[in-house]
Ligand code: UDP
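Only one chain is included here, represented as structure tokens and corresponding to the form predicted alone.
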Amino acid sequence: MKILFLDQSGKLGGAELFLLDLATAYRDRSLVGLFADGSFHTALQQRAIPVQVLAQQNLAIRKESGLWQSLRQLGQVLPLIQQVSQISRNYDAIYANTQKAFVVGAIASLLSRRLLIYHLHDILSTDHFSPTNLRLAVTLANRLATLVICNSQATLEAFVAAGGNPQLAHVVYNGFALENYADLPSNRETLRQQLGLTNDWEQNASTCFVVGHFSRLSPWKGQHILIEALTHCPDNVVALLVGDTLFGETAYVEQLHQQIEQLGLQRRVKFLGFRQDVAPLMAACDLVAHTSTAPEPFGRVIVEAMLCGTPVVAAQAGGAMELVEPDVTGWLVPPGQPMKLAESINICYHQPDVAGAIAQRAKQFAQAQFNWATIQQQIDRLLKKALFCTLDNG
């Protein structure tokens, strides 16, 4: 099968990391079309994956856009739809990996009469989308998509609750190349010193209890929850915030710095920005915290922490509840409650043997359930079935 992959982002987020692995498997018979340039484009080129930037400026339509705002952007979107339609005639299927890519790809597939695959990496709810964009996504999926791949049961259930056809939807979890987590640096104290823990906090790196938070800086990702939780933990519990803004949420970053200053936590919180070395950083942490305030579609960082052998505490909502078994493979806490988060951090801090046993069970679970080789086979079977059904019906 020849596939035209579509993605709206030029930056590397969770959906893009998934597509990077998937497109690698199909690179001899695929093209990745991006709606923006950036680090994702570079990563695809480094893997020798055919890629083309299809838009010269970012699409202004946002998840929260209303009907009038969306209509105003039609002049920008229509040429892109026409371009995608023309390119797709050289491929068997259009595989839309993000929401804007799906809208463009869906209309283009109608024009080019190509198979349409919708990979849903989002919870379709009003927590994340305007009612207009929800209706648009579900309507296009029901009428034009042959297959909707959901990255968790929570994502599938939200799709159906929004009016999506359950017969189209199948759950395929994100997969991970296990070899990327096999040879992590053994001397984590060296990495801690390189991060400046001893200089910035004037403490010995070995005495710090490091809680890592790995996500873009955004209000719904809940970095402020972790910062508040630190005030209820011992003074040597410190936080590493790994990630940057993706959608210009600079006001939130300023809010975080103000919060840190007001709480007197300047020596206990460090911003690392975007980093490529996520796995070594996770391995250097004593705990990884996932603090999303709205349901997470999947929770990629949760599985990555498990594969690194680092204990994890996650917000009890969405896809995270499918990844963590409380007190067996990690901890779950109610979203938006710093005190509850602090309780789990303190358990991990005061009971390292218990935390170590939980982390080991979690690593075995993640290796068994999220091996990329298995996930790729699942997607390949679904794509072949979708193509066969389309040819049979045609």
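So that there is no doubt, residue numbering starts at 1 and follows the sequence shown. Because the structure is a prediction, the values reported are computed rather than measured.
What comes next is about the form predicted in complex with the named molecule, which does not appear here.
J.: Out of the stretches listed (103 to 111, 253 to 261, 235 to 243, 125 to 133), which one is close to the named molecule in the predicted complex, meaning heavy atoms within 4.5 Å?
T.: Within 4.5 Å of the partner lies stretch 235 to 243.
J.: Answer with yes or no whether residue 13 is in contact with the named molecule in the predicted complex, where contact means some heavy atom within 4.5 Å.
T.: Heavy-atom contact with the named molecule at 4.5 Å: present for residue 13.
J.: Even though the partner isn't displayed, in the predicted complex is residue 278 close enough to the named molecule, meaning a heavy atom within 4.5 Å?
T.: Residue 278: yes, in contact with the named molecule in the predicted complex.
J.: When the contact criterion is heavy atoms within 4.5 Å, does residue 17 count as touching the named molecule in the predicted complex?
T.: Flag for residue 17 set to yes.
J.: Answer with yes or no whether residue 273 is in contact with the named molecule in the predicted complex, where contact means some heavy atom within 4.5 Å.
T.: Residue 273: yes, in contact with the named molecule in the predicted complex.
J.: In the predicted complex, which of the listed residues (88, 215, 97, 310) lies with a heavy atom within 4.5 Å of the named molecule?
T.: Answer to the contact question: 215.
J.: Please pick, from 157, 304, 228, 286, the one residue with any non-hydrogen atom lying within 4.5 angstroms of the named molecule in the predicted complex.
T.: Looking at 157, 304, 228, 286 one by one, just 304 meets the 4.5 Å heavy-atom criterion.
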